[in-house]
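Alright, two takes on the same chain below, each alone as structure tokens: structure 1 and structure 2.
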Structure 1
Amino acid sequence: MAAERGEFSSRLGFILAAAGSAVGLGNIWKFPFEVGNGGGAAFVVMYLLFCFLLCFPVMTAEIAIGRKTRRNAVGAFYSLNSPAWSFIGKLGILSGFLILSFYNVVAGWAFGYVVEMLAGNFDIGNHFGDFVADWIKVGSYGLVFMATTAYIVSHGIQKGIERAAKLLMPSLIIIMVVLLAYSLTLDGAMDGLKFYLVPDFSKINGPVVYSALGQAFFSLSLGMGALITYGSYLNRDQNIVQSAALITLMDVGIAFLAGLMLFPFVFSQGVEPTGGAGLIFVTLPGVFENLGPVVGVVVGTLFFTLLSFAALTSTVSLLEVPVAYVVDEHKVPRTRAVWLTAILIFVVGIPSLLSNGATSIFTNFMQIIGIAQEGATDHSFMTFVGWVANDTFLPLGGMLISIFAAYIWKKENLSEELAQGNENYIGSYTEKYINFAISYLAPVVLSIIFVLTVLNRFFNIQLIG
């Protein structure tokens, strides 16, 4: 089975691919403005704690399930004689499918901004609404992005996913370091670093803790079957615990670098750091323009190329999850499975594409179905899909995976799998903590996130804040 399905050729290839799955728009786009809204460094401290205390144990469990079974996110549960629990994998595949349908739209924006920056069109930020409403142009960018994703995945594990990860991840880090080095030379850069690095713990409250926990979980691609799938391509002599730690560290490190890079730019131009998503697509083009026509083009193009690379590493893993299921369970050749799945996802994403001003039906979708929150300005279909798949299904999936690993598959079996390639694992403090986290900490915390999110998103009931 492993030979037919393919496997990663090296530990580095697996770590870069899995880290690439985690690293995405959430690190470069969402993390900085979550920091801005969360009061700066205090949010960063909470985020780091949650990544290692909660997300790392769940990650090890997902990878272990995948490697043990050598199956996709659904087939893995059948291999463990738990067919009733295969709905976790199906939920994960549905989550990834829906997330990719709208994620590809945003990736198309990022790719489109590379073109705009190359042309020196810094005014695009002032016309962002018109840009995203032009569904033919943005759809074309998204189509190119989806085709690129499908091309990579169609070439299999070593020649496709692993090779792309080995190119994209180092390139992403190099671009970030170059932009960071330049940003530190700007006037006001130190004010940005102070905001980002010096915590004011008085700003830690319920909403900040909730946002930091959600950002940590969502940024690591947990709960959607991606790491079960990638784990199924991992050699049995690899140290899962060590690899998971490195993946977490790389994901956290890139998110942290994104903040180090971005806030000096923002503060150098006197821009408010709480600009939300608009900070990237609306505000930053003007910031780059102020750097001068030549430097602005170079820096702006590099930044949105960085954003596109980060998106691509995630879209590859999001597409691989349903493709692995179709290949494993329905015996469809990989190339055919990839392109059919990619086309279907692109089609499902058309309402999200149209929901940014192209038509009032999808733009006002949540008002039409009667769940729009009071005072909300974004009622689109794209936002709704994000609420369902990203905000709701992922914590539910993570909670269920933890329960399954601890109580159905049993902690003893998990430990036995994690001991493969890690002879000192059994009886270690690491084993004790991972067992504690997946047995008690993760199920309780993730169930709380799930309930709070459902109440907030769909019933407009806020129990925090």
Structure 2
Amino acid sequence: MAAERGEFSSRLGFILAAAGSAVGLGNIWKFPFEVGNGGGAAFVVMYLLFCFLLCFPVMTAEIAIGRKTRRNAVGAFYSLNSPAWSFIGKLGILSGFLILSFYNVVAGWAFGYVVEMLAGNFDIGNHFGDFVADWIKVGSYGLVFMATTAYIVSHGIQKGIERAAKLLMPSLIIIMVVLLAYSLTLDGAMDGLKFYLVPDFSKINGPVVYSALGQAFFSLSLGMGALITYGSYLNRDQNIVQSAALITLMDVGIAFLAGLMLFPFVFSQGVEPTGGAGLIFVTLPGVFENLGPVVGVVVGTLFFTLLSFAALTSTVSLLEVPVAYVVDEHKVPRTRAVWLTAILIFVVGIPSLLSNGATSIFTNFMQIIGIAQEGATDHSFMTFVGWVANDTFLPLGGMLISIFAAYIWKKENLSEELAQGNENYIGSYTEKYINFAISYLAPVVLSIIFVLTVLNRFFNIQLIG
């Protein structure tokens, strides 16, 4: 059975695939602009706290549930004799659908930038607005991206997901280090670093906390069963706690480096860092242009290639979640499951595709349904989907997974699974902390923030300033 489902060939393969899932647009595109909107270093501090104290323990629980049951995000709960709790997995699959539907649109932009730059369109950054509004063009790039994702997933675990991650992740890190080194030499780099690294805690308010939490979950690919699914392909000899720690470190490290690279670029141009979604697509290409035609094109193309690679290992994991479900539970052959799901998600993404200037119906979506927030400039459908899926469903999923692991499956069983491949686990401080975090910290903190987020985002009620 295990052989039929597929398995990662090695620990490195698993870690790279899971880190590949984690590292994506979330780190390189979303994290910097969330920092820009959320007041700089104060946001960074909140994000780091959430990642290490709260998300890391939840991650070990997710992977353990997957490996124990060797089943997909929904089936795993059946295997643990808790069919009623399988709604967690169903919620996860829904979140995955929603996330991939808009994620693929942005991935299509990144890929489109590579093509445009190679075709001699160096100043594409000046035409970002027209570019994203041209739905036929960006729709085609998105379609190619989704097809590439599907192609990889259709080749299964070792030959598809693992192989792609082993190739793409190291390339990404190399490109990133080169760009970082360059950015630190620019005039204005210091101002960028100051904004990024010196926290002003007066800037922390409710929305900053909600976004930081949503970002932590999103960035770690947590709370929707992606890691249950990847864990289900993990071998019993592997140390889950150590792997989860490495995945968290790599993810946080790369997000951190992305900021370190980006803010010097942004400040060297004398631009405000609050550019939102356009930060990476408008501001950065402007910087590349100033480097002159040759260097600019090389650096620009490299950067957007990096972004596309990062996105690809993430879209692969997002697609794998529903695919694993359909393959395991409904016995659909993998190839067919992959292509059908990919097409469906692409179709679900069409409103997001159109919400960036092609039509105003979707753009003003939040105003139309009456949840637009005062002072907010972005009322698009895509932002709305992000609020629902990233900021609401993922932390909710994380809370439910913690409660399930601690009280339904039971801590002892979790510990037993985490001790496989980690002899000294039982009785260690790590065990004590993980148990504390999933039994008390995560359920309490996540349920409070869940209520506050829903009130704030969807009813515009702000209980805590």
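What you are looking at is a predicted structure, and each value in this text was computed from that prediction instead of being measured. So that the term is clear: the rigid core is the largest set of C-alpha atoms that superpose within 1.5 Å between two forms. Start at 1 and count along the sequence of structure 1; that gives the residue numbers used here.
Two forms of the same chain are shown on their own. Structure 1 is the form predicted on its own. A movement of the C-alpha atom of residue 211 reaching 2 angstroms or beyond is seen between structure 1 and structure 2 when the two forms are aligned on their rigid core. With the core superposed, residue 408 shows a C-alpha displacement below 2 Å between structure 1 and structure 2. In the core-superposed comparison between structure 1 and structure 2, the C-alpha atom of residue 34 has shifted by at least 2 angstroms. With both forms fitted on their core, the C-alpha atom of residue 47 sits 3.0 Å from where it sits in the other form; this compares the forms between structure 1 and structure 2.
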